[in-house]
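Encoded as structure tokens, the following chain is the form predicted on its own, with no partner shown.
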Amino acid sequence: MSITILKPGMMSSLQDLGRWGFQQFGVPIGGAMDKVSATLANMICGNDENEAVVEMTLHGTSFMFNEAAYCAIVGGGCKAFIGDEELPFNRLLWIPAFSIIRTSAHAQGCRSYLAVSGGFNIKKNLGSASTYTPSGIGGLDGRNLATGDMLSFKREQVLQASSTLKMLPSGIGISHWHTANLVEATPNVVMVHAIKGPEFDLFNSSSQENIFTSEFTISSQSNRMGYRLEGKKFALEQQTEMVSTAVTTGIVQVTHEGDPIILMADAQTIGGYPRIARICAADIPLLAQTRPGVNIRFKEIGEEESSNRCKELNSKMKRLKNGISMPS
């Protein structure tokens, strides 16, 4: 059982929840940019939450199911079709053999995730199937997906056709039940919760004020490693050379030119730029669904509120998992 990539779109790659435990050796965690949507896609398919999924950036992807299979699509940035039939997201889907799914543009969001029941048969590297292109590890030969790639399934479709599916005349099956969308559609201005960074006090007073009062635009010079922001410039009170120190996803660094960069999934493990802020981990999936050209603002919160927001997200995920295991 497999799918064949007919068009990879703007960028598609295989990702799971990341490569944990190797940061001390300079290996980034990586993994899905929007780990909530990737996890939810696997949950819908009855998979382990850490199974590899196809991460599709924006639109233009198309692929063929070489045999009939169950799958799920979660996230944003595109709509999915088989012929003229639009496929719903956040539902279990039964896809007939030789069906071609193609994606087209959607007004909001940035990344969508395809999971198949049983998972993809991808060899793990350092405990993860995630593609990390700068080092050429994970996924298919450490690269993004290309036309003609065939992704084989593990030989276990863990779900069975049942009355929980509505069968369409085309042979497509759609579950009667669906899951909530935990990553809301991105508005014109995205509010991101953030905590003061370790070097916040080294910045001058205007920079300290601007980080939480100004609006920034995500630059087109953004990728899985980091989002470069356009807007107010930042400056230290006194110019100083910093010793490289630990960084991770969500850290907001400021370059020598005064530009803020939000580190994302493929961020390096150490950096020498001052860290003016740190994004609440619960808001990282929202950032992952925010495309270049969208404006964002930072709202200051404390450590306790940040922790509570993460606990609330985890609680919602657990409730969804319990609900999926007993669909009505």
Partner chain sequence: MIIPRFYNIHDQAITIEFAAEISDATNMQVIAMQHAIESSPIKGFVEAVPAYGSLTVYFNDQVSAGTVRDWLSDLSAQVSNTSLATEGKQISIPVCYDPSLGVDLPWVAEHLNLSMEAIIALHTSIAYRVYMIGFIPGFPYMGTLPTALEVPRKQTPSMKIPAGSVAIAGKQTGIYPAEVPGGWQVIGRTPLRMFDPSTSPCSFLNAGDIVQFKPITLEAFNHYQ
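Positions refer to the first chain, counted from 1. These numbers come from a predicted model, not from an experiment.
Keep in mind the form predicted in complex with its partner chain is missing from the figure; the text below concerns it.
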Exercise for review: Could you tell me if all three of Gly9, Pro96 and Phe98 have a heavy atom no more than 4.5 Å from its partner chain in the model of the complex?
Suggested key: no
Check your understanding: 213-221, 173-181, 118-126, 141-149: which one contacts its partner chain in the model of the complex at 4.5 Å, heavy atom to heavy atom?
Key -> 118-126
Check your understanding: Is there a heavy atom of Thr249 no more than 4.5 Å from a heavy atom of its partner chain in the model of the complex?
Key -> yes
Check your understanding: Does at least one non-hydrogen atom of Gly293 fall within 4.5 angstroms of its partner chain in the model of the complex?
Key -> no
Point to revise | its partner chain contact at Met43 in the model of the complex, heavy atom, 4.5 Å | key: no
Point to revise | Contact of Asp48 with its partner chain in the model of the complex (heavy atom, 4.5 Å) | key: no
Study note, to complete from the structure: Answer key, its partner chain contact in the model of the complex at 4.5 Å (heavy atoms) among Ser135, Thr164, Asn204, Ser104: the residue is Ser135
Practice item. Could you work out which of Ile262, Val54, Ile276, Cys280 is the residue within 4.5 angstroms of its partner chain in the model of the complex, going by heavy atoms? Key: Cys280
Exercise for review: Taking its partner chain as it sits in the model of the complex, which residues of 19-45 have a non-hydrogen atom within 4.5 Å of it? Please list them.
Suggested key: Trp20, Gly21, Phe22, Gln23, Gln24, Phe25, Gly26, Val27, Pro28, Ile29
